[in-house]
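A single chain comes next, written as structure tokens; it is the form predicted on its own.
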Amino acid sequence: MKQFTSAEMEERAEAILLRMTLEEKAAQMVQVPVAYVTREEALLWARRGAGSFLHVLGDDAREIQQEALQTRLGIPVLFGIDAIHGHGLNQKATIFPSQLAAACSWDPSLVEEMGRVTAREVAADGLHWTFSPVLCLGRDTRWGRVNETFGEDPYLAGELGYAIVRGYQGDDPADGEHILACAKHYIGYGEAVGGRDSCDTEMTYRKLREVFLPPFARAVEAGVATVMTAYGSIDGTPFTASEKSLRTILKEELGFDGFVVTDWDNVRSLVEKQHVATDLDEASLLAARAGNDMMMTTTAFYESAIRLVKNGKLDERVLDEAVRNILRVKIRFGLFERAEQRGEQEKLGCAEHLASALRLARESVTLLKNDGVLPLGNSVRRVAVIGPNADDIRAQYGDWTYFTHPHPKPKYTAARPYVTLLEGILTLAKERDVDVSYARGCGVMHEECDDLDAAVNAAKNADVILLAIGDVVQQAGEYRDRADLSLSGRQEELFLRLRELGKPIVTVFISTKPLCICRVAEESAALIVAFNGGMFGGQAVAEAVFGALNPAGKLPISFPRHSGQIPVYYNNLPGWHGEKYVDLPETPLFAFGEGMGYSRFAYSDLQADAENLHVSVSMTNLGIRAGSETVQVYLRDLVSSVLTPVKRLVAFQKIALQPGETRRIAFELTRKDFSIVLPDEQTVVEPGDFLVFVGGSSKDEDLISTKISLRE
């Protein structure tokens, strides 16, 4: 298919725009939620010229598209879907680890592959557009949507966000195997006060630019086609109505040339939730002027926009700009030449794609503690698998699958293939002639049936106990923020009953996000974090338990010791009097970047060249097994004109070493890595001294450091 130059796209978009009526322009700015309208209403919207439809599949999508193509201008419809970690709303599709679990891999190439596979499967289903990636930061783990993020750090989120956008869109998004990406939620959505989803955001423009903008800037550099606005606000102005954030920063400064779509019914929220507009007409005026090009699900915008233009309150040129942006994306995507994606249905869940999900699951397994019990040796002949999440595929998948969206389906039957932890252990144990007993023990939720005695009996004769705990999908996602991050139900009681047996306990944490698991972590012989590992999360963990896999995952997010300790992200600002609580350590239970394997790595001879901004370090594998280590580089600005973090990630590399091997690892930094944002929002590099840290996690004890001095 022909690739259009920028000039050709502009010329073609302009030619279509000149022929459009006011009504057709207003319709093009509307996205229709098919689940909330009748078939007749959907077809009516197609005839009006609606720009996009949401959550429509198969023959329904084809019918709507054909209706749109038969209109006067024949502008094709964009079909969007929430393919968040794989095309998970389709039972036949490959379900990957969640974004948070995938971020444990610290591997952009695998995350890009996740995007590429997802794109193929979404395209095979006849759809064009995914509302992914989430580039919010998970800095307050009470927030219900932490599992959708790449963690707490702007740099890591930006690198992984760049990778998955490239995977979704490829070099040519019109090739029939790729789809449009959507960077969301712009901006600072995860910073809602108290972790309260879509609530007020304590934000300044300086903080926006320094902390929350970098991942979106990287997505724009990757060529992301669309950006979704957030529900929150900045200094009292909802982001949906913020002309400065949308027009000035995103479109003008970053050079974003795709289109902006609101989040779910954001325009109506200006009236009914945020109370900054008296009615839909005023809300539509605010949203359009601010720079929103497409209004998700607020179909009443159509009538409002027409009224506003006709009564002189809204310049029609605002609609022209929005529609031009939408048309440009449709032209670039090749939608006019190929309105229907003609992907191959047999690619859904094919062997190649399943192998990709397994690779990412393996690289995401994160070992945080090991007293020597792992990997299980030949002396272990009996293993007890216990816990509510040991054989629960819903918990292993997490949010945004066919179980949970677009409406919860509590009685849905899980579609194979998948491997739970119990199934993975049973398979590998059989190969090793190891006996396995199993008992659920208790549920995650309080109202579930528990049988702790059965769990204790199942574990009595075991050499090692594997205990799978965490949360379930009812405790995560939109509308599901948590004030108390303690283990729910009787999970901790189950742990204490098992501990009384005097057996080594390997705890496997299967959860949407970090919870407060201090006692369990401290008293377990080993702790593995799996988060939501997707189809083969159970297999990957089982391989790590038996030593077929040497874990290499690193945390993209910190674990709090207590809900009252939040936020506890690593790149905090200095100045805390006493730097500790009177009743709790100041450090997280586990810190950003932490993770170990069955090899041990040592760092030495750190060198930093201030003139060329070249950093190098020697790393040695001191273990007896080959292993991989993610080498992390952090900076601290020793004196600056504004508060700067105690350290911040600026580079990383994942390195594989053979036993006894030493390698010199080099990093090329840029002056931008040393920059700060001033109160006037200008980004500058101030000369002075910096500390460069290199090591295996963000913890001081895991890093070596040297000083580097920057001149004018």
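Numbers for residues come from their place in the sequence shown, where the first is 1. All figures in this text were calculated on a predicted structure; none of them were measured in a lab.
Heads up, the form predicted in complex with beta-D-glucopyranose isn't pictured, but that's what we're talking about next.
With the partner left out here, check for me: in the predicted complex, does some heavy atom of Asp82 sit within 4.5 Å of beta-D-glucopyranose? Flag for Asp82 set to yes.
Is there a non-hydrogen atom of Tyr603 within 4.5 angstroms of a non-hydrogen atom of beta-D-glucopyranose in the predicted complex? Tyr603: no, not in contact with beta-D-glucopyranose in the predicted complex.
Using a 4.5 angstroms cut-off on non-hydrogen atoms, would Trp264 count as touching beta-D-glucopyranose in the predicted complex? Looking in the predicted complex, residue contacts with beta-D-glucopyranose include Trp264, since a heavy atom lies within 4.5 Å.
Taking any heavy atom pair closer than or equal to 4.5 Å as contact, tell me whether Glu478 reaches beta-D-glucopyranose in the predicted complex. Glu478: yes, in contact with beta-D-glucopyranose in the predicted complex.
Taking 4.5 Å between heavy atoms as the contact cutoff, choose which of Leu669, Val30, Leu54, Ile64 touches beta-D-glucopyranose in the predicted complex. It is Leu54 that has a heavy atom within 4.5 Å of the partner.
Tell me, which of His128, Lys554, Arg145, Lys330 has a heavy atom within 4.5 angstroms of beta-D-glucopyranose in the predicted complex? For this set of options, the contacting one is Arg145.
Pick the stretch from 92 to 100, 398 to 406, 274 to 282, 618 to 626 whose residues have a heavy atom within 4.5 Å of beta-D-glucopyranose in the predicted complex. Looking at the partner contacts, the answer comes out as 398 to 406.
For the stretch 227 to 253, which residues lie within 4.5 Å of beta-D-glucopyranose in the predicted complex by non-hydrogen atom distance? Counting only heavy atoms within 4.5 Å of beta-D-glucopyranose in the predicted complex, the contacting residues of 227 to 253 are Met228, Tyr231.
Please say whether the CA atoms of Gln475 and Pro408 come closer or move farther apart in the predicted complex, knowing the change relative to this form is 3 Å or more. Gln475 and Pro408 sit farther apart in the predicted complex.
Knowing the shift is 3 Å or more, I'd like to know if the C-alpha atoms of His407 and Gln31 are closer or farther apart in the predicted complex than in the shown chain. The answer is closer, because the C-alphas of His407 and Gln31 approach each other in the predicted complex by 3 Å or more.
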